[in-house]
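The chain below stands alone and is given as structure tokens, in the form predicted on its own.
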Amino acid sequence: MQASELKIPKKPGLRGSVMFSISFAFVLTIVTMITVEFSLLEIIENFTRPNMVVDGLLSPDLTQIFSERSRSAFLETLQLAILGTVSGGGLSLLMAFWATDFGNPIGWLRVVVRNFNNVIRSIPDLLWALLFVTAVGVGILPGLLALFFFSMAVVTKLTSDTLDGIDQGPIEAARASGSGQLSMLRMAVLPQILPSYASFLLYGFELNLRASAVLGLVGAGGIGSRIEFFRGRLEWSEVWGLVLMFFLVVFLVERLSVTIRRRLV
């Protein structure tokens, strides 16, 4: 066959379904913007006119970093994140096992565990905090309970997904050798998921550290309570000083966590 007779394949074009999806998303975005009366000019106007919040952002009170009360509030936030991660994340390993066929041979119990975790995961951490603040009052306890359930839901989901994709060979070998249920999980399953599980705990700690600051806004303790104190007094320079301090710490913790998780997985 001569070179002139060779047919160069055409570049694949966008399928009709893809074009329809893009067009539908574009139209839906325009309709939504009209429905909510979105106005870019209004946003620009609001940020360019005299604004106490923006003024505070331009001149944050960095002395809050050295304030004893602010340091104490942040330490409380760190303690909440650690306790919530350890307690909720620790229980999540057991729940993740119970949600699998090889970890829990009782069918109805697997369904209960999976549905229970779905319900917990559907409730945001801020709503958990509001519920517990109403139930037990303001302070550290409602924040800890909220982070406990939040950690348990997130880490259970991630660990369950990992368990669904593990190698079944070691499990079959352990059963063939006559190992019991606990022995099989310890020798054939746990070594396969332990690095990923440790990574999920670190990720949960990052989430809890951020969430604990927000929980304080509703009276659940931590640095959020300090931020809410200054916000209520309209002292925005102090608010932004605390936010800047919190941002720097979260950034450093996240970088450290990412480095550790890359070595684990």
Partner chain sequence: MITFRNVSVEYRPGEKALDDINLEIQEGEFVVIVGLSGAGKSTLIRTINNLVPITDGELQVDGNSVGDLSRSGVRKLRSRIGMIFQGFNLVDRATVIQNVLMGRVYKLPTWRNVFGAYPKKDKQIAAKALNRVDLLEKAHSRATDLSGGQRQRVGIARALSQEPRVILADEPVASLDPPTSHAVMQHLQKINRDLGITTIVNLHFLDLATAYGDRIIGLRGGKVVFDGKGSECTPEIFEGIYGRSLTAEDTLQEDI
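Given the structure is predicted, the values throughout are model-derived calculations rather than measurements. Numbering follows the first chain given and starts at 1.
What comes next is about the form predicted in complex with its partner chain, which is not displayed.
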Pro170, Ala174 and Ser183 - do all three of these have some heavy atom no more than 4.5 Å from its partner chain in the predicted complex?
yes
I'd like to check something about Ala73: if you look in the predicted complex, is any of its heavy atoms closer than or equal to 4.5 Å to a heavy atom of its partner chain?
no
Is the gap between Ala188 and its partner chain in the predicted complex 4.5 Å or less for some heavy atom pair?
yes
Pro195, heavy atom within 4.5 angstroms of its partner chain in the predicted complex
yes
Ser179: touches its partner chain in the predicted complex, heavy atom cutoff 4.5 angstroms:
yes
Specify the contacting stretch among 76-84, 162-170, 138-146, 95-103, defined as having any heavy atom within 4.5 Å of its partner chain in the predicted complex.
162-170
What residues of 114-146, in sequence order, lie within 4.5 Å of its partner chain in the predicted complex by heavy atom?
none
